[in-house]
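What follows is a single chain, given as structure tokens, in the form predicted on its own.
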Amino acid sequence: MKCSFFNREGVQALNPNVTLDATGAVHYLQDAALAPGAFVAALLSHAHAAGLKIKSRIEITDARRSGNHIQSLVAGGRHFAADEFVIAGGVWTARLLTRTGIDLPMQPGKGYSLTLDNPPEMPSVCSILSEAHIALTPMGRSLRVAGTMEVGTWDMKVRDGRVRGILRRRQRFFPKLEPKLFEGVTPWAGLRPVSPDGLPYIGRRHGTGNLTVATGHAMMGLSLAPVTRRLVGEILEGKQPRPSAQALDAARFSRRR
């Protein structure tokens, strides 16, 4: 990926509309961001236009097997039969796989974010504040501030101390974006799917010939989505896995129960 290096003056020139306190920065020229809500809405629109049927808010409770093949998944009291199954359920993939008799090591990595509408200063580019472990992302007229990684907790409780830490550390770099601006902003928490070695799980599960797993992307789900789609597509077409994808083997830690 192409990048440029900036000193203090260069960083300020890159973000002329904000007050910055940064000694330097690395600008990744091909880096990009988007608004997740708008992105998912567009995906749904394209999926519906292509004739896909989407069932949401139903829980998979069982899997019916014949030998090493899954015949159907049971969800919401209905059987969903298919020739191929792809499980891409984020951090909940491991729990879904227990319905098929498979163990998959997975830990949740909780992160927090706050989205401020119409901030008094708006950065021109996304910023990852490495020392503070925080990211700032412009999203139209809104600014999202996100950070932290709580590993191993499944609850969705928002811890005030974590939120205060995000706002306090962010202000070191953007002094005009004071914590009081975020009063009344509801914090959001989400769980990232984290594998033991930090690499995604992409591929067939041994002992289940028509089940493909695609999960464990941690904080890189959106960035790795295109290559994941390509790898999963090749698997479903019966092509041999690429040698470069061997490290992503979905069976490298898991075992049948």
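Just so it is clear, the structure is predicted and the values come from calculations on it, not from any experiment. In case it trips you up, residue 1 is the first one in the sequence shown, and so on.
The same protein has a further form, the form predicted in complex with a small molecule, not shown here; the description that follows concerns it.
No member of the trio P105, P200 and A250 reaches the small molecule in the predicted bound form with any non-hydrogen atom inside 4.5 Å.
The stretch among 157 to 165, 78 to 86, 173 to 181, 108 to 116 whose residues place heavy atoms within 4.5 Å of the small molecule in the predicted bound form is 108 to 116. Note on the partner interface in the predicted bound form: the residue among A63, A218, L231, L211 having a heavy atom within 4.5 angstroms of the small molecule is A218. Although the partner is absent here, I134 lies well away from the small molecule in the predicted bound form, with no heavy atom inside 4.5 Å. Looking at F39, you'd find every heavy atom of it more than 4.5 angstroms from the small molecule in the predicted bound form. For the chain shown alone, P123 is not a contact residue for the small molecule in the predicted bound form, no non-hydrogen atom being within 4.5 angstroms. Residue contact check for L96: one or more of its heavy atoms lie within 4.5 Å of the small molecule in the predicted bound form.
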